[in-house]
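In the block that follows, a single chain appears as structure tokens, in the form predicted alone.
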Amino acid sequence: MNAVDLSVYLVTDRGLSGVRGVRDVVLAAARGGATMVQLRDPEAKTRTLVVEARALAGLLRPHRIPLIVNDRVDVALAADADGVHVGQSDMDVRDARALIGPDRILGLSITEETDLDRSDLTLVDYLGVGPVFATPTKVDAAPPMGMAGLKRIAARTGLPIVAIGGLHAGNAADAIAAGAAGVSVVSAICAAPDPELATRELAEIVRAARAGRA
């Protein structure tokens, strides 16, 4: 299994990034302490995604922050990204792992407890669990599971978990207390007036919560 630091996991959003643009937001987040970045842009064409992934990988590499591509294994490979994240309706984890090899990171979305029994989790490096709360950034999101659902899933797996969906500075510590290793955010950073400051605040909250749990 590849080691991952899920503390502050940024998922990009072109719309929420506004005039700053995705690359500027990602760079600000890197400076603020983001530990992973996922490129998610379901509306973009393949060539555009590859160009963007290469650019983001170049920005993140000096900070030693992995770039993960949402769903698109082909884009991750073409851009030499650090990994790929698949959902329950995306490519099967066995096929994804066969394509990306053992050294790239593979993440899997878990939206309910029964998802834990549907995939070979020995092939996965981390789980993205949620949505914990309702979120407007993913229109096809599953019903929110709440902190109780997050806690139940965390109790059933030894894989590191990043909590997803409606997470922000006000509830990040609760997600860590429920068993998550980190929080995945979109609007909390992309839509923040100061993405670097917002990332730094989240990183400090997660660090303190993990220390308290330990």
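When you see a residue number, it is the position in the sequence shown, counting from 1. All values derive from a computational prediction rather than experimental measurement.
The form predicted together with a further copy of the same chain exists for this protein as well; it is not shown, and the discussion that follows is about that form.
Comment: a further copy of the same chain is not present in this chain, but in the predicted complex one of V75, I110, V124, V132 has a heavy atom within 4.5 Å of it, namely V75. a further copy of the same chain in the predicted complex is not approached by T114, whose heavy atoms all lie more than 4.5 angstroms from it. a further copy of the same chain in the predicted complex comes within 4.5 Å of a heavy atom belonging to G87. Taking the partner from elsewhere, V50 is found to have a heavy atom lying within 4.5 Å of a further copy of the same chain in the predicted complex.
Using a 4.5 angstroms limit between non-hydrogen atoms, A142 is distant from a further copy of the same chain in the predicted complex. Screening 27-35, 40-48, 168-176, 147-155 for residues having heavy atoms within 4.5 Å of a further copy of the same chain in the predicted complex returns a single hit, 40-48. Looking at 88-116, the residues that come within 4.5 Å of a further copy of the same chain in the predicted complex, counting any heavy atom, are Q88, S89, D90, M91, D92, D95, L99.
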